[in-house]
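So this first bit is one chain, no partners, the form predicted on its own, shown in structure tokens.
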């Protein structure tokens, strides 16, 4: 584990993004281990958590809100918890450093181009948010400028100067969000520079990342996480695999080389389109993506007497819906590999799946140093019908 220690973050008291600021990283790992043990050790012994070698600057997706401070100066940062007050941040200890540099440049360019931040109360102004995505291996960079109106004054000159100052930027996108909403991105986007997407590599596969794609924000630990998930699956090229909550198809595509056939199921239509594109990009021909509710699709497969050998489950933070768990028990795969980002909802879901499945392995992985979050990979094997 890397022993370098940065000074305590000056924004820690107001930002709220890093609940474990001021706690040595080794101690953070012990706290997370105890939390997972207390919740999950009733099912089987919990393995020792895998930490990061270097727990800094790991976030490769960075988003910042823009506004004015009390001196009417342009600031960017994050919203203070439970408020609409922006905490001005110049450098974050867990965000990609190049992304933070680009944010500061955009702030300076707004001054020189006489552009104003958007005000959510008056619904007047220009820039609401900036989202930056950085490819860990490819180093490609996407900049998404989210504005409150369709008008982008001097946009060609603005983008030209931005790219001159940061030639590593691969694409710039203008996203319009003119609604009263807490959502960052709006429905309409225009590509101002580049292709509108970037690519990155994950476990020897290439993935295209669009503005709305879900892609893990800590790519280095994602490789650790997915290697464990694939190892737990124990694929031998004979299995039919279901990738539930498949998103843009990362786990399913990586698993395809050791599977007989992979089915990815995802409710988000745009994500399915990205998944199909990613399969073509990697020359994968034994995978099929379905735009459907995973619960409904599993029940249909069960009704059609179609067997599934392994199911990968990677749900959002609120875990699996009751309907999904019931369908999973109905389809009865031989193995379930559950990737969880919330030990609380994982414990709840295991209490239901435990009726039919034995928990064989639980491996925590620290994906988010300095925060309270911890990921777990769980292997479950069917023990009875």
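Numbering follows the first chain given and starts at 1. Given the structure is predicted, the values throughout are model-derived calculations rather than measurements.
Below, we turn to the form predicted in complex with a small molecule, even though it does not appear here.
Chemist: In the predicted complex, does residue 126 come within 4.5 Å of the small molecule, counting heavy atoms only?
Modeler: Answer no; every heavy atom of residue 126 is more than 4.5 Å from the small molecule in the predicted complex.
Chemist: Would you classify residue 214 as touching the small molecule in the predicted complex, given a 4.5 Å non-hydrogen atom cut-off?
Modeler: Residue 214 belongs to the contact set for the small molecule.
Chemist: Taking 4.5 angstroms as the cut-off for heavy atoms, does residue 95 touch the small molecule in the predicted complex?
Modeler: Because no heavy atom of residue 95 falls inside 4.5 Å of the small molecule in the predicted complex, the answer is no.
Chemist: With a 4.5 Å heavy atom cut-off, would you call residue 293 a contact of the small molecule in the predicted complex?
Modeler: Yes, residue 293 sits close enough to the small molecule in the predicted complex that at least one of its heavy atoms falls within 4.5 Å.
Chemist: Taking 245, 250 and 314 as a possible spot, do all three reach the small molecule in the predicted complex with a heavy atom inside 4.5 Å?
Modeler: Answer is yes for this spot.
Chemist: Have a look at 181-189, 111-119, 263-271, 278-286 and name the one stretch with heavy atoms inside 4.5 Å of the small molecule in the predicted complex.
Modeler: Contact-bearing stretch, as computed: 263-271.
Chemist: Of the residues 193, 152, 136, 226, which one places a heavy atom within 4.5 Å of the small molecule in the predicted complex?
Modeler: If I apply the 4.5 Å criterion carefully, the residue I get is 226.
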